[in-house]
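Presented as structure tokens, the chain that follows is alone, the form predicted on its own.
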């Protein structure tokens, strides 16, 4: 009952957060320098033509009217029409969102597993060669720029070894599966298209590894520190005094206590990766939401920028909600 009440409270808190993001995004994109109408203005464009363009884009209405129209559209899944392409933003978002989420979730998922494994091993062997290597690797991985690491992986994995395909998209030519979600690996799995699945997974390896290295480095230090704290706490000593050792001690005390602290950190990292994935997408020619959102920002495409920021905020909020629920399920003290 306490857990259900806690979940309901967390869900209720998501609503004002999203509403605040919508309001701030709507206002901020309109105070940026530049005018989206200028993208349609030519040397022979008259003032009447400019006004007609402004009316067609809905920019002639008062600011409050524009906001109410935008807010009403969000509730029915209508994010407006792209100023640059004239295509509904929802249509473009459906094509762009899934590949980015596929990349981000796989990268963060691999990083979380790697951080837990190596962090616990390092904590069990403090000041050993393994611990020193783990700490140095974490420091180097944190300081390494993602775009540089991506280029290095392309040189090694594609040019030198030839194990993985080059940065030319998300799947091999002529192997695209029947689109369902927009993420090629998921669509290939759902349609049992095994050649497409193999190709999509190969294209995922290098960009996922690029994301996972930096995220693993960030999480590894936190996991190691949490595991060391647990080993220094009274429950660990008490369990050892009662004769508990080996795997039961590690899985029942160390692993459970460490994992309970990971979800919140993983949610934080997930949001950061989602917001900065554009560099990885550019390096690997991954046509996802990051490139689309950056292009919309450069061309002052208000509907695109607003939709992209709202979606990122929504994923961020949902990730934190799931993390809080998992944390509460693993640690009953959180529900009090």
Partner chain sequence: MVSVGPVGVNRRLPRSQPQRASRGFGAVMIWTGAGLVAIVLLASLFAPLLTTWGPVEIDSTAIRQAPSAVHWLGTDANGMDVFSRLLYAGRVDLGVAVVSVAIAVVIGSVIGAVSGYVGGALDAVVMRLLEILQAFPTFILALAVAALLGPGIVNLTIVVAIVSIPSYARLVRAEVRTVRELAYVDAARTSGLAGARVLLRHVIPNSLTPVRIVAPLNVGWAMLALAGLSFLGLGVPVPQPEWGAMISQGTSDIVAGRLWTSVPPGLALVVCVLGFSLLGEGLQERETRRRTR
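Positions refer to the first chain, counted from 1. Computed from a predicted model, the values in this text were never measured in an experiment.
Not pictured, yet referred to below: the form predicted in complex with its partner chain.
Trainee: Among 70, 98 and 102, does every residue place a heavy atom within 4.5 Å of its partner chain in the predicted bound form?
Mentor: No.
Trainee: The chain here is shown without its partner chain. Which stretch in 102 to 110, 185 to 193, 71 to 79, 134 to 142 comes within 4.5 angstroms of it in the predicted bound form, by heavy atom distance?
Mentor: Looking at the other structure, the answer is 134 to 142.
Trainee: Could you tell me if residue 127 has a non-hydrogen atom within 4.5 Å of its partner chain in the predicted bound form?
Mentor: Yes.
Trainee: How about residue 218: is it within 4.5 Å of its partner chain in the predicted bound form, going by heavy atoms?
Mentor: Residue 218: contacts its partner chain in the predicted bound form.
Trainee: Taking 4.5 angstroms as the cut-off for heavy atoms, does residue 63 touch its partner chain in the predicted bound form?
Mentor: No, no contact at 4.5 Å.
Trainee: Within a 4.5 Å heavy atom cut-off, is residue 326 in contact with its partner chain in the predicted bound form?
Mentor: Contact check for residue 326: no, nothing within 4.5 Å of its partner chain in the predicted bound form.
Trainee: Taking only heavy atoms into account, state which residues of 182 to 200 are within 4.5 Å of its partner chain in the predicted bound form, ordered by sequence.
Mentor: Heavy-atom contacts to its partner chain in the predicted bound form: nothing from 182 to 200.
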